[in-house]
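Let's start with one chain on its own, the form predicted on its own, as structure tokens.
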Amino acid sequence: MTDSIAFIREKVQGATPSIGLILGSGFNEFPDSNFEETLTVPYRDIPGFPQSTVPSHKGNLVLGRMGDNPVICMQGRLHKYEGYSMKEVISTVRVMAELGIKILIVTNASGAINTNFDAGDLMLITDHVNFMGDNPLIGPVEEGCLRYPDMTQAYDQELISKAEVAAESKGIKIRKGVYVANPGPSFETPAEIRAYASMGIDAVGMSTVPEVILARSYGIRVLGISLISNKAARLCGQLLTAEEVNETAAAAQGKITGLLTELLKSL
């Protein structure tokens, strides 16, 4: 990723980004009207940068500013189910780490396992379970990374508290819970959801955990936000579709924008 880093570093022109944003399903629209001094670069124009193939992910790197904070933002992430290796999935986080970010905010859309959660809710991730059958740190140790990063506090409590304050100030109901990542792309079976519920898991998705693990190996503070896009299998009473995820995301744009805008002002 050396070429990618050099290319982006030239674009930021000395404004070292302090915050990285990975925008998953439902969050892609945020920087379009909320960043200042914006420069948008399609992934395809960045040397050595992998391409997102998910239709709802824009596939742009957005360089901008929120208040005093230079921000680097991915409009769309990479998933293992797209055919990428785990090393490729997290390569974009490695780029942001090498550029100097201190905080990473990861977002996603997930299915609710907790029966108290509703479609359209926003959930702050307090912990995760990795059921992807892989780990981004397998293999040679990369420069700047810990071999055995502690994951006791994978999600930064101070950032969680700031997100709660930001949500309250905007009148946004916020949930907190444990997220489990599967490789996808199939949705989960009812038996899997029953198993996850018995483990105390609140929401399920197909991303995020690899990026968090790598970020923590660099010592980067992490905040995770899930848009609850649907009830998980057996809880929703109907078949699950990707269209349902997109519809919920569209309806939740006001809450997403309100939370992220207020949060980024406080960092």
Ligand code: HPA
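One-based numbering along the sequence shown. Just so we're clear, the structure is a prediction, and the values are computed from it rather than from any experiment.
There is also a form predicted in complex with hypoxanthine; it is not shown, and the following applies to it.
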> Of the residues Asn28, Asn230, Thr208, Ser217, which one places a heavy atom within 4.5 Å of hypoxanthine in the model of the complex?
Replying inline: Asn230
> Ok, Glu188, Glu98, Asp156, Asp121: which has a heavy atom sitting within 4.5 Å of hypoxanthine in the model of the complex?
Replying inline: Glu188
>> Taking 4.5 angstroms as the heavy atom distance cut-off, pick the stretch from 158-166, 87-95, 106-114, 145-153 that is near hypoxanthine in the model of the complex.
In response: 106-114
> At the 4.5 Å heavy atom threshold, is Val245 in contact with hypoxanthine in the model of the complex?
Replying inline: yes
> Applying a 4.5 Å heavy atom distance criterion, does Val204 contact hypoxanthine in the model of the complex?
Replying inline: yes
> Taking hypoxanthine in the model of the complex, which residues along 152-181 bring a heavy atom to within 4.5 Å of it?
Replying inline: none
